[in-house]
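One chain comes next, on its own, written as structure tokens: the form predicted alone.
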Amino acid sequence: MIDMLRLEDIIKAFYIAKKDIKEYYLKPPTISWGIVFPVAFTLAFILKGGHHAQEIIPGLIALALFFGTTSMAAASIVFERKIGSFERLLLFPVSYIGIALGKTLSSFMFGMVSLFATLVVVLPFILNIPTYSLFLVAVLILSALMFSAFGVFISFLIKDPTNTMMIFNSIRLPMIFLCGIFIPISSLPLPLRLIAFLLPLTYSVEATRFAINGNYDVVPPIESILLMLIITILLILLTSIKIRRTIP
């Protein structure tokens, strides 16, 4: 039976997130893969893109946010499971879905820090004011929540902590080329296009592009928003089920 999310679970989830931020905010993997890599990656492609930079900036923003949020999840959850401290969290009076939400919120908060660092680099290269500024804010917030939920779910699937970054990067790096950041999804072969529709980053890139440039490739903005919301809720629920199953 899936836990129902209650107000007290939401409050406890914020305390879990606060604890994670305090303990893992400055961990080397979090800083390197969550802030330094996305910022350096974004700047390199913007400078290389020249007059085409405006077209790839939306995808780079979404990608930086994706790396920032998932890196926090990898640093915190896998480390806790390695040293056994996560099991102590299960003894607290909080539901499984509350734990899943708390872990998601900590990754979300760090992701917003990563996003801010990326925007500092990106904004000077944006030629015009984003077409739909308020829509862009909503897209980035929802994207951060979705990516956080995705990173938390994947973290609970990893059994060997020593393979964490290898597994995460084997999942994240192919998305760079499949989710419409550099190559339009509409131009991909059908099998790769179908894979792209299964990846959460695709919908964030599509919605971010619409918010900044006023156009999209294959997924209308409203559909992207709805799908991101559904994916986020589904991932949190799946994570809560996975946490329940970790108990002997």
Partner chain sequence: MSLPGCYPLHDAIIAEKLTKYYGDFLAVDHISFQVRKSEIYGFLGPNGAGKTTTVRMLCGLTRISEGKAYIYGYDINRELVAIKKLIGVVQDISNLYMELSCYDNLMFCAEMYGVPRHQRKERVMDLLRFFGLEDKKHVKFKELSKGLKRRLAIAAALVHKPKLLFLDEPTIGLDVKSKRQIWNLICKLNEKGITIFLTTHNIYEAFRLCDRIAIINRGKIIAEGTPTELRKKVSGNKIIELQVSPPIKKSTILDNVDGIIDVNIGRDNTIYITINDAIAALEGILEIVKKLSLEIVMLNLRGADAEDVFIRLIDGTEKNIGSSTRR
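Since the structure is predicted, the reported quantities are computational estimates derived from the model, not experimental observations. Numbering follows the first chain given and starts at 1.
Missing here is the form predicted together with its partner chain; even so, the following discussion is about that form.
- Contact with its partner chain in the predicted bound form, defined as a heavy atom within 4.5 Å, holds for exactly one of 134, 173, 120, 83, namely 83.
- Although its partner chain is omitted here, in the predicted bound form none of 55, 178 and 193 has a heavy atom within 4.5 Å of it.
- Comparing 163 to 171, 89 to 97, 146 to 154, 105 to 113 against its partner chain in the predicted bound form, the single stretch with non-hydrogen atoms within 4.5 angstroms of it is 89 to 97.
- Contact annotation: residue 236 falls outside 4.5 Å of its partner chain in the predicted bound form, judged by heavy atom distances.
- Taking the partner from the other structure, its partner chain in the predicted bound form has no heavy atom within 4.5 Å of any heavy atom of residue 227.
- Shown alone here, residue 231 lies farther than 4.5 Å from its partner chain in the predicted bound form, counting heavy atoms only.
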